[in-house]
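Here you get one chain, nothing else, as structure tokens; it is the form predicted on its own.
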Amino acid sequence: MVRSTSQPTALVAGGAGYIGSHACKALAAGGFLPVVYDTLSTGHRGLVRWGPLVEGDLLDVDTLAGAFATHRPAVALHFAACTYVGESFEDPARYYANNVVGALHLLDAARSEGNVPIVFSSTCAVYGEPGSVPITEDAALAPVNPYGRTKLAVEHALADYESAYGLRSVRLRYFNACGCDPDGEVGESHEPETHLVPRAILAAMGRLDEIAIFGDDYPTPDGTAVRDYVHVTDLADAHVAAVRHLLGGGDGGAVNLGTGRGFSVREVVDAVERVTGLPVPRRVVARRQGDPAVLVADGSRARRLLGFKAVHSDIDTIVRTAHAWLAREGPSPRPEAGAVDAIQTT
């Protein structure tokens, strides 16, 4: 690929993954050259479609420094984190090494290259069990699982680096990322798949025996956990808006990305049945450790600061685009029913 001298470069750590690849497409459409930095351990080479790939780990400081020195990015985006709540309890050392130490290496590389601004993929898991909903960015930060604690640790580091060194950043606190590119160019491909929407679709398609719903005794209208589901294309567009905000000299800070509307697990399963016309086999099991009952965003800061509007995030569009991608992907190995993570927190 020949790079235009007028085309600013964005270094995208984790750009071969689900959200990162959608962000790369949005960056390219916005006039940026996305340079993907990824180990491909969970990402996919086939999702790198809009710029070069540098195979590297954030723990490899030499390769990371070389990527910055070679490509001279105007901005860096960080998606390269371990993200499974259950796994974070089982192996917290892995989460702290990858999510915290790796992120610090990225911050140091960005600082060394003249304070390249950073857009950080954070999560609503930093709030833990919120005192009220919708959740504002000023709510108490009390994550209830190691995954959320690692993300919050990086948020603190970013704030401290900005205060001490002038390294500006926007910390985007996603609620539940879901859906797939409406054009079908990139999508969600996890092994094993643990997110509710694709697992419910896989069960409807007969590629999974059933899904398990973790808990039907939450203090919610139907007893199942409620989450704010936001289409990945809307998230990708928000990243481009955050990039433009930083490059335009805007202040850093934390920003929620959600719709302000919550859906219960049962409502999501009902939407899958409605859109696909197929039944979703399911069973109810005990609650899982570390899952709050309700997580719904107050998105007013995103609207004000980034002009963010969720235009693809109605539940039927989410299911329809995810179903289209999974149908094109063809049969995949059937994960064990017990592996389900039917309450998703991105």
Ligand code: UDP
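This one's a predicted model, so the numbers in the text were calculated from it and none came from an experiment. When you see a residue number, it is the position in the sequence shown, counting from 1.
Quick note: we don't show the form predicted in complex with this ligand, though the next part is all about it.
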Seminar exercise, completed: Here the chain appears without its partner; judged in the predicted complex, the stretch of 150 to 158, 96 to 104, 109 to 117, 206 to 214 with heavy atoms within 4.5 Å of this ligand is 206 to 214
Exercise. For this chain shown on its own, do 234, 300 and 304 all sit within 4.5 Å of this ligand in the predicted complex, going by heavy atoms?
Worked result: no
Seminar exercise, completed: Among 80, 135, 225, 76, just one has a heavy atom within 4.5 Å of this ligand in the predicted complex, namely 225
Seminar exercise, completed: Partner-free chain; cross-checking this ligand in the predicted complex, the single residue of 242, 265, 257, 186 with a heavy atom within 4.5 Å is 265
Exercise. Does this ligand get within 4.5 angstroms of any non-hydrogen atom of residue 276 in the predicted complex?
Worked result: no
For this session: Classify residue 195 as contacting or not contacting this ligand in the predicted complex by the rule of any non-hydrogen atom within 4.5 angstroms, answering yes or no.
Result: yes
Exercise. Within a 4.5 Å heavy atom cut-off, is residue 173 in contact with this ligand in the predicted complex?
Worked result: no
For this session: Tell me, yes or no, whether residue 288 is in contact with this ligand in the predicted complex, where a contact means a heavy atom of each within 4.5 Å.
Result: yes
Exercise. Using a 4.5 Å cut-off on heavy atoms, what residues in 31 to 53 are near this ligand in the predicted complex?
Worked result: none
